[in-house]
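What follows is one chain in structure tokens, specifically the form predicted alone.
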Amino acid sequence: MAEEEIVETELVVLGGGPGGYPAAFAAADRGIKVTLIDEGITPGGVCLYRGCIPSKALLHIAHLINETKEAKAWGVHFGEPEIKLHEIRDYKNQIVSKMTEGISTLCKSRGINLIRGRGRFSSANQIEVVTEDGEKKGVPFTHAIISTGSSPLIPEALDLKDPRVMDSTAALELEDIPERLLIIGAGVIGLEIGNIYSALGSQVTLVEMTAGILPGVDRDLTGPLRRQLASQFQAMHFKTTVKELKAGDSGITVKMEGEDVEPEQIFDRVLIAIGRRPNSKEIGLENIEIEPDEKGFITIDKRQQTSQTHIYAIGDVAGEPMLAHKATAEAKVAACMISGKPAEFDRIAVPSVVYTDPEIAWCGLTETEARKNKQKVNVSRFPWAASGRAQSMSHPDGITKIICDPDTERILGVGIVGSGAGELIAEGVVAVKSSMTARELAECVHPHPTLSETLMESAEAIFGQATHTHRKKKL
């Protein structure tokens, strides 16, 4: 075997996802010599290859199909869509290819040394990389950023090693459109993929062990989505657990236990969407005296530093929430620290979005959290039924809510359910991050008619009356 190649670098970034490649870019822009290690053909990680981007491409198609059905009520009639699955896959793959090629080009333009392979810490100042052709490279470093992401979680008892039992990665490959699809888990991933397959023609059954969809999200925000899903899915079973999966010639036999659910059913495919686990194993943490917590997350401080202060961790491997934009924000903090400029990650207004139809988005303090912490807040809700724009789009079943400090009227949180909520929430992030008051937001003139007006009117309702709603004030 050839002698191990040594590649010295000032900063090594392990993992090229939405945390890793922005960290490499930010550091290189500050004049730091960077080596980026990733197993992909090009950087991009789960988000670009197997998550955010392909799922949103398919959700765009699903929303379009659903709109053609809704259009009958507007006097516009379309025929049944002809689904050409290979063309849909090509469309999705082309988008992924364009995005990943762009990342690769940006790596080269910044002079980043890109190594394709699997990296593992051999000591506190060196990573060993095994490339795809079996060659070994030693990468001594001054600083390191761990950005290894996460993987779908499948309990051992449900892992049949049968291709008909899928995780989110397999589901987004879109091998076929099963007639009967069971989705286990009513979190973000399960609901988004359920939206896709339902629109394409599958009879979707949803099973969730808790009492409703999106556990932890404010119930008034989940209500409109739950009603919509009830009309799209074949069935939804809550407070229900899956006890056993068994593969057979006719499909996957599923044994379930819960309220008003048939205890044994057969499905063509099963999607397990109960969460993700951080990729903290098999990267050599034991060799650098870093021990992950009981969930597998690497403990970090507000500066993204681990217990080894020259080694940083960002993204999914560094803790909840597992969101691409959170990873990117943490990447910039780590790059600043390594370049000698102190920085801290402020988690106060990290937004979350569920890209279903309707969408749900929120940032800052939620009403659920306020109640749990017994924190006094003022909450206003503006119903989209009072929005001219929402009515003109035939999407009146939405809500914009603002959560404020009762004494200062400072905006602490924003929640939205409705069409385009993921785009609208950015204004809420600015309001929370900048400590804006409800009066200040209400005094910002919003264009009419737009959905953004619902933020202005919800803010008005905190200290007075919104123009298009009226509620009696308590004396």
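A residue's number is simply how far along the shown sequence it sits, counting from 1. What you are looking at is a predicted structure, and each value in this text was computed from that prediction instead of being measured.
One more form of this protein exists, namely the form predicted in complex with a small molecule; it is left out here, but the text below deals with it.
Contact with the small molecule in the predicted complex, defined as any heavy atom within 4.5 Å, is confined among 378-386, 316-324, 244-252, 285-293 to 316-324. The closest heavy atom approach of R439 to the small molecule in the predicted complex falls outside 4.5 Å. When the small molecule is considered in the predicted complex, G398 lies well away from it, no heavy atom lying within 4.5 Å.
The closest non-hydrogen atom of A390 lies beyond 4.5 Å of the small molecule in the predicted complex. Although the partner is absent from this view, Y355 contacts the small molecule in the predicted complex, with a non-hydrogen atom inside 4.5 angstroms. Only one of the listed residues (N373, T169, T210, T142) places a non-hydrogen atom within 4.5 angstroms of the small molecule in the predicted complex, and that residue is T210. When the small molecule is considered in the predicted complex, only one residue from G119, G185, P178, P278 comes within 4.5 Å through any heavy atom, namely G185.
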